[in-house]
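Below you will find one chain, with nothing else, as structure tokens; this is the form predicted on its own, and questions on how it binds or moves follow later.
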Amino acid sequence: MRELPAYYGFWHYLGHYGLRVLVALVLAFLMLPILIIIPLSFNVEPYFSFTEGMLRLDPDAYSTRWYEQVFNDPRWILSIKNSFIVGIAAATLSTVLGTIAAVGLASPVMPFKRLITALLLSPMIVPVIIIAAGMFFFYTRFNLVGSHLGLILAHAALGIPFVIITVTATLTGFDRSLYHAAIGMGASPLKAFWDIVIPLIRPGVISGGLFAFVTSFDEVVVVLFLAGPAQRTIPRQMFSGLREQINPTILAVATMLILISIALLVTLELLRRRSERIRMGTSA
């Protein structure tokens, strides 16, 4: 633990520890509504509140029945399957297109760079409901509404900006002389890009792909506009469950999503540290 400077007075200490307390309170305000879902998902009763038995930590008041119900319900199984199929396909497409766009935007000879960047990042700025409505009328002309392909393309469009941002940030510290040296030694542009550029920007590419996957996995507005019954995803099924029949099955699914999110955050942090080590190594 780092010691505080010797010149710190009363107001310095007050500001230092007061800031820590404030950060802890903000963190608790953000995390408690999420973490409280986890114990509620084990409630033996079909309620969204703590029972007296749960407050007494009575083992009989806890059950995994709602998790079992998730995997015994064909609607939830279909939703989970669709979420992973659409999420993985959309993330893959977003990663490929976003990486190509980021490499092009990072080029010093790219014309109209700011305008093109603004257009590519617009899905992050424009309200999702406007994008969903536009996609609905556009995709209707090509019979893509109510299909997995239409949903994948729509989610890929929403995920591309995240890939562009992360890959562009990685390319900021990239030494282009390495690429030109490979070209000068006889390598083709494609081979130089694959063997030199990709290994150095891989953490940013993977991070962007994970962000694109999370964006697709969590999307509900576009699904409401474009998906049919066969393309129902987890957020869409949760939305329907809140309207039709409220029970802790939704909390069980939410708990599983929290665990997936934690795993993705840990992966992103490991990739960020690896990217920093690579950047320090190349700069040295």
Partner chain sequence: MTATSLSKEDLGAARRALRRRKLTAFLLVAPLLVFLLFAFVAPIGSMLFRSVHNPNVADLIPDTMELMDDWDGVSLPDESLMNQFAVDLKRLANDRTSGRLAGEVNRILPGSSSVIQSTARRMRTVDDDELQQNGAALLFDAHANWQQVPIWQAIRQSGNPYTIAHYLTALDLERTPSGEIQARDGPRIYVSLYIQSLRIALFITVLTFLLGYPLAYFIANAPIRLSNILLIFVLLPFWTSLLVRTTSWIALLQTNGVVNTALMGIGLTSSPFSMLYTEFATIIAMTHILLPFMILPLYSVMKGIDPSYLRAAMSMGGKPIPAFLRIYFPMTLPGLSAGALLVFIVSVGYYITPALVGGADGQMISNLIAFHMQQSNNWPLAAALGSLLLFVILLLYWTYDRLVGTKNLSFG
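Take the two forms, find the largest set of C-alpha atoms that superpose within 1.5 Å, and that set is the rigid core. Source: prediction; values computed, not measured. Positions refer to the first chain, counted from 1.
From this point on, the text means the form predicted together with its partner chain, which you will not see here.
Novice: For the spot marked by 48, 127 and 164, is every residue within 4.5 Å of its partner chain in the model of the complex through some heavy atom?
Specialist: So, yes: the whole triplet contacts its partner chain.
Novice: Answer with one of 182, 200, 205, 101: the residue that has a non-hydrogen atom within 4.5 Å of its partner chain in the model of the complex.
Specialist: The residue from 182, 200, 205, 101 that makes the contact is 101.
Novice: Is residue 20 close to its partner chain in the model of the complex, meaning a heavy atom pair under 4.5 Å apart or at it?
Specialist: Close contact exists here: in the model of the complex, residue 20 approaches its partner chain to within 4.5 Å, heavy atoms only.
Novice: Is there any non-hydrogen atom of residue 39 lying within 4.5 Å of its partner chain in the model of the complex?
Specialist: Judged by the heavy-atom cut-off of 4.5 Å, residue 39 is well away from its partner chain in the model of the complex.
Novice: Any of the heavy atoms of residue 172 lying within 4.5 Å of its partner chain in the model of the complex?
Specialist: Residue 172: no contact with its partner chain in the model of the complex.
Novice: Does any heavy atom of residue 56 come within 4.5 Å of a heavy atom of its partner chain in the model of the complex?
Specialist: It does not: once its partner chain is placed as it appears in the model of the complex, residue 56 has no heavy atom within 4.5 Å of it.
Novice: At a 4.5 angstroms cut-off on non-hydrogen atoms, which residues of 128 to 161 are near its partner chain in the model of the complex? List them in order.
Specialist: Residues within 4.5 Å: 129, 130, 131, 133, 134, 135, 136, 137, 138, 139, 141, 142, 144, 153, 156, 157, 160.
Novice: Is residue 24 one of the residues whose C-alpha moves 2 Å or more between this form and the one not shown after the core fit?
Specialist: Where the cores coincide, residue 24 still shows a C-alpha shift between this form and the one not shown that is 2 Å or more.
Novice: Using a rigid core alignment, state whether the CA of residue 260 is displaced by 2 Å or more between this form and the one not shown.
Specialist: No; residue 260 is a residue whose C-alpha shifts by less than 2 Å between this form and the one not shown when the cores are overlaid.
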